[in-house]
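Consider the single chain below, provided in structure tokens and representing the form predicted alone.
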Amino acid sequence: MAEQPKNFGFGEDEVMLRDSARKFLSDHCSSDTLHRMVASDFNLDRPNDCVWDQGLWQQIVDLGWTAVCVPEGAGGIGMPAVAAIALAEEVGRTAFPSPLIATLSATFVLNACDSAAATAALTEIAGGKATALALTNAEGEWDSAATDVRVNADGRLDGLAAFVQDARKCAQFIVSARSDAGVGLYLVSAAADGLTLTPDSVIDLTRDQARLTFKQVDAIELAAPGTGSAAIDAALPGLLSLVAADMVGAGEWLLQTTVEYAKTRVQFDRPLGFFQAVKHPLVNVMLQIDNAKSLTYHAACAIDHEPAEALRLARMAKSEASDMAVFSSSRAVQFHGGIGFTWECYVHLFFKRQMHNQVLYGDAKYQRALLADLIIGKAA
């Protein structure tokens, strides 16, 4: 078994990518800008619109972010998984509304497919074609055997895919579908005849979610029937790590913002941060963020260097990050006092993103239950 490199393989190129992403997003997606973009209307009956800056998306495509983990042979940069995790962390830090996380997730799945069609799809992603995964059934199951979509004898798709992330921002979807030969993976254009997209109403204002209904929809085979489950299983550590990294970034924003507020808000002639009932929980938030971050980069590094351990480490990262997401959000709202729960306070944007992410692909309890199965099974 190959050993992991120092610093999780996070070298000079990855540092440059992270730093440039942080500067770009801080310049173009400040909290003020984000709130004006997605939270200008507080009315509960507001239209279920998909609000995002497509001009900024084109800029990050031009910067090569979608090509980061696409192999060089497919027109990408071919960086390790930790590079995508660094981008996801910076996206979470600004709650940036875009299909980048969805597209990076699709990249992990396509990299696990061994076909010319998958390579062609990776080339399109490197060129900036936003892509989302449609793997989840109506019951919320996303494992390799779960799908409500079926492949007909003519190769067309019928059925339903639910909980598709950032669906209205994407130009194509990777769909898991079942036939008598097993589960396969298929590429479907968002403009395909017979495809109906029904938006969901979700609490997270920085992303959208939808259900896809397929009625005799043309599709391109990415992974043959019977091989799609293996591709999904191989990509799962990357999917879990991306969501965990997003939560780490959002947690860092919540911590930094709350600490700054505790330094400036005065009560009983003292800054709030003077009181142990405030400072000690904030230290605990910092420790949880550090734990989640270390586990997330460990898991991402394992994808390239210890693939046999990647899923176990990714479940650990997702579990810790999910717990941290809940704790960091609750402390931020609590310590902002009377303004913490208001629409005008930016905390709610990150709170809602954390709540969405912590259940995506299973919350902490779910991950720990599967971890117990992995560990006990190995011990037996």
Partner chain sequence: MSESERKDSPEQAQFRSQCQAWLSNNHPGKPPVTIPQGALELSDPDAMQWLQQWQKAAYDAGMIGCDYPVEVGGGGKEGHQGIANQEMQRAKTPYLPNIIGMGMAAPTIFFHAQDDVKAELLPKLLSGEHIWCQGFSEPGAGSDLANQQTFAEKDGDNWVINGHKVWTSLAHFADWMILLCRTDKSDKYNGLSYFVVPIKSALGKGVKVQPLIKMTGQTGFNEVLFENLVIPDRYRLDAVGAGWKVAMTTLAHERGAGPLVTPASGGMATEGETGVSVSSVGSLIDLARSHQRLGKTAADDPVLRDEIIKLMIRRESIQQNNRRSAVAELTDHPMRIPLQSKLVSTEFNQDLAEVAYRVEGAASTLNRNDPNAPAGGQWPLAYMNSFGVTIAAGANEVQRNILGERVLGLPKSK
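Please read these numbers as outputs of a predicted model, since none were measured by experiment. Positions refer to the first chain, counted from 1.
The form predicted in complex with the partner chain exists for this protein as well; it is not shown, and the discussion that follows is about that form.
K.L.:
Using a 4.5 Å heavy atom cut-off, which residue among Ala308, Ala116, Ala277, Ala153 comes into contact with the partner chain in the predicted complex?
P.N.:
Looking at the other structure, the residue within range turns out to be Ala277.
K.L.:
Counting non-hydrogen atoms within 4.5 angstroms of the partner chain in the predicted complex, say which of Lys169, Arg178, Lys129, Lys293 makes the cut.
P.N.:
None of the others qualify; the residue that does is Lys293.
K.L.:
Go through 25 to 33, 315 to 323, 49 to 57, 62 to 70 and give me the stretch that gets within 4.5 Å of the partner chain in the predicted complex, heavy atoms only.
P.N.:
That would be stretch 315 to 323.
K.L.:
Taking the partner chain as it sits in the predicted complex, is Met37 near enough to touch it, meaning that at least one heavy atom pair lies within 4.5 angstroms?
P.N.:
Outside the cut-off, so no.
K.L.:
Although the partner isn't part of this model, could you tell me whether Tyr297 comes within 4.5 Å of the partner chain in the predicted complex, counting any heavy atom of the residue?
P.N.:
Result yes; Tyr297 sits at the interface with the partner chain in the predicted complex.
K.L.:
Could you confirm whether Glu124 comes within 4.5 Å of the partner chain in the predicted complex, counting heavy atoms only?
P.N.:
Glu124: no contact with the partner chain in the predicted complex.
K.L.:
Gly182: heavy atom within 4.5 Å of the partner chain in the predicted complex?
P.N.:
No, Gly182 sits far enough from the partner chain in the predicted complex that none of its heavy atoms falls within 4.5 Å.
K.L.:
For 31 to 50: residues with a non-hydrogen atom within 4.5 angstroms of the partner chain in the predicted complex?
P.N.:
The stretch touches the partner through Phe42, Asn43, Leu44, Asp45, Arg46.
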